[in-house]
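Below you'll find only one chain, the form predicted alone, shown as C-alpha cells.
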C-alpha cells in the first residue's frame, strides 16, 4: 500500500470518528438537557394523576393510558401484517419479478411520505368513512399504516439474510414451507424483526402530526378505543407550544418518553429472543 493510500485511509478513519463523536455528543447533550430540566419533576404522583389546568399541574396518567392503547392497536395490526407480508415477499414472490419490484418500490415510497399526509388520510378514511371519528382506534390504525413499510422492509431483509441451506435442508427433510418458515427462517430473521419493531415503535411514540388529526388531544381518561385520547408526544407539543407555564411538565413528560423508548426497545429484544427460544441461526 503506497503512502497516499495510507493517508487517505487515515483521513477517512479520522472523519468517521469525528462524525461518530458529533452524533454521540449531540445525543448526550440533548439527554443531559432533558434530565436536568425534567427529572426533578418526575414522581409517583406525576405518573398516577391526570393533567390539570391544561397540563400545567397534575400528572400524565390519562396520557400514558391513551398512549399505551394507541401503541397496542398499532402493534396489534402492524406486527402480524408486517411479518406476514415480509414472509410472502421473501419466500413466495421471486425477487426479480415485476410484482415484487412494484411492491417494494411502493413500500419505500410510503416510508418517505410525511406523517401529516398519513394523518389526513386517517382522519378521512378511519374517522369519516369508517365512522371511528377522533378516537384511539383511528390513531392506532393510522400509526400502523406508518409503521408497516419500515417493519416489512426490515423483516424481509432479515428473511433474505437467512442461509439458503436452511431452506434446502428443510425441503430435503420433507417439511412444508410454512413449517420451514416458522421453525427455521423466523429465528434467522429475528434481528430484522427486532430492528423493524424498534424503528416502528420509535416512530409511533414520537408521532405528533398524524395523531392530532386522528386520536385528538383531550386529556381525560379514555374508557374505550372509540374515545379520543392524547398521546404523550402530542402532550409534550401542546405544553411546549400552546400552554404558557407548561415547560416544566413538558420536560418531565419528555423524560418519561425517553424512558419508555428505552424500556420498549429492551422488551422487544427480550420478547423476540424468548419467543424464539433463544435460538440463534446463521
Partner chain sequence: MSPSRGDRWLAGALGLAAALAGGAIVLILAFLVIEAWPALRQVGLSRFLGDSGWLPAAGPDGNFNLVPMLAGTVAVTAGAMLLAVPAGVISAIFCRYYAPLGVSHIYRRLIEVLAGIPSVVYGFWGLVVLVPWITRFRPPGQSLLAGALILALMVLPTVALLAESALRSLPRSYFEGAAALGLGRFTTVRSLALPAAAPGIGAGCVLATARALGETMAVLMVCGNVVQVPTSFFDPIRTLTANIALEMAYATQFHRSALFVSGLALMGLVGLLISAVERLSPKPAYE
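Rigid core: the largest C-alpha set superposing within 1.5 Å between the two forms. Numbering follows the first chain given and starts at 1. Remember, predicted model here, so these are calculated numbers, not experimental data.
Below, we turn to the form predicted together with its partner chain, even though it does not appear here.
In the predicted complex, its partner chain sits within 4.5 Å of a heavy atom belonging to residue 176.
Its partner chain is not drawn, but in the predicted complex it has a heavy atom within 4.5 Å of residue 34. For the chain shown alone, residue 111 is a contact residue for its partner chain in the predicted complex, at least one non-hydrogen atom being within 4.5 angstroms. Residue contact check for residue 98: none of its heavy atoms lie within 4.5 Å of its partner chain in the predicted complex. Site annotation in the predicted complex: the residue of 152, 197, 136, 143 reaching within 4.5 Å of its partner chain with a heavy atom is 152. You can rule out all but one of 60-68, 40-48, 220-228, 234-242: in the predicted complex, only 234-242 has residues with a heavy atom within 4.5 Å of its partner chain. The putative spot formed by 54, 157 and 267 is not touched by its partner chain in the predicted complex; no residue has a non-hydrogen atom within 4.5 angstroms of it. Residues 176, 177, 178, 181, 206, 208, 209, 212, 213 are the ones in 176-213 with at least one heavy atom within 4.5 Å of its partner chain in the predicted complex, listed in sequence order. Superposition of the core reveals a Cα shift of less than 2 Å for residue 224 between the shown form and the other one. The two forms, fitted on the rigid core, differ between the shown form and the other one by 2 Å or more at the CA of residue 34.
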